[in-house]
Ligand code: NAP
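Form predicted on its own, single chain, as structure tokens, below.
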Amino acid sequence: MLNLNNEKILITGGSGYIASWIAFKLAEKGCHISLTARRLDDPRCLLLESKVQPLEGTVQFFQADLLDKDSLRKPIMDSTLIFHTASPFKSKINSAYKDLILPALEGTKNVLNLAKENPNLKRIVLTSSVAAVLGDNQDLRNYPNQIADESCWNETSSEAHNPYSYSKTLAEKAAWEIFKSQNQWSMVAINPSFVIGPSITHHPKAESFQVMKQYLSGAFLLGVPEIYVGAVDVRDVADAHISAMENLSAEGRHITSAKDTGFKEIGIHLKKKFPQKVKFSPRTVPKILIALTGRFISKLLTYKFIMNNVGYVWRTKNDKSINSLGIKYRDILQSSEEMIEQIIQKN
């Protein structure tokens, strides 16, 4: 086991949903953490600093941009361990390439190539996604036993179709190529499914919150699309990252997902817990109707996406994360409840 208290730890994308929980949990352990952020006056940075203040550990932010290699140089060179979490995840985009693919791919290359120049670096934990494992739900028909595991790669996404998934696939493949080109530091990848649960900064900008807000906005008032996903609590994802860093025997990819579920199951639970706030009907919206209207909701809800995902189950293995990282997954319905409660309080 690696003693993280003796290490110089860097978290890229430090103001992010997952990164802030990693930082908080490390600070609880007494670690001193450096984090990068595009803006030091980001309210999420200030809130994290205030949350960590009573703890034994500390956080310090450095202004850096993934696409500006020089801005990353000092924090990377001063580190012995890196959690590379920074990567955009958003549905409102103008250009798939500029908004998703470029920062994910080039940002990862910049971080890992600089890591090759740091003679003191020991280990990197990379935040990837199950999106790099599975593109469309219907792809499972061609997977062994119709279930995805760490040996699987997303082979169906592109810049035009599922660009976020494509960006995560390109970024993780590039990371493993750079890793193979050196023999100084080790690397582990964490591949979370749909991440839910409360934000440590109470300033929820994560795309997961935008999705969950639909239970309150009335988007599901007349019914819900038959969309199935894997879901996992953000705190479990943070624990997986930290365990992967501490446990030097951990290697390769780790699907981090508590349960295969769907928006209907989550909605039924939330409606029972928040009957006055949640605007939800368990009726199933016809697939063809979603296919015709999805594009007006988000550029990512294309006809092809709807046809390849709605009505198809989602199945992934999570035994490696349990056995290798020791993760004991939270109940994701409870996680969704805590998340909605935070959104209600914030608004």
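Worth saying up front: this structure is predicted, and the values here are computed from it rather than measured. All residue numbers are counted from 1 along the displayed sequence.
Here the subject shifts to the form predicted together with the named molecule, a form of this protein not shown in this document.
Just one of Lys287, Arg38, Arg315, Lys304 comes within 4.5 Å of the named molecule in the model of the complex, counting any heavy atom, and that one is Arg38. Contact with the named molecule in the model of the complex, judged by any heavy atom within 4.5 Å, is made by just one of Ala86, Ala238, Ile255, Val125: Ala86. Put simply, Ile18 is close to the named molecule in the model of the complex: some heavy atom of it is within 4.5 Å.
Not displayed here, the named molecule is kept clear of Ile33 by more than 4.5 Å at the level of heavy atoms in the model of the complex. At a distance threshold of 4.5 angstroms between non-hydrogen atoms, Pro198 is out of contact with the named molecule in the model of the complex. The named molecule is not drawn, but in the model of the complex it has no heavy atom within 4.5 Å of Lys213. The candidate spot formed by Arg44, Ser129 and Ala206 lies fully in contact with the named molecule in the model of the complex, as each residue has a heavy atom within 4.5 Å of it. Checking 246-254, 261-269, 163-171, 136-144 against the named molecule in the model of the complex, the stretch whose residues place heavy atoms within 4.5 Å of it is 163-171. Residues are counted as partner-facing when one of their heavy atoms sits within 4.5 Å of the named molecule in the model of the complex; in 45-71 these are Ala64, Asp65, Leu66, in sequence order.
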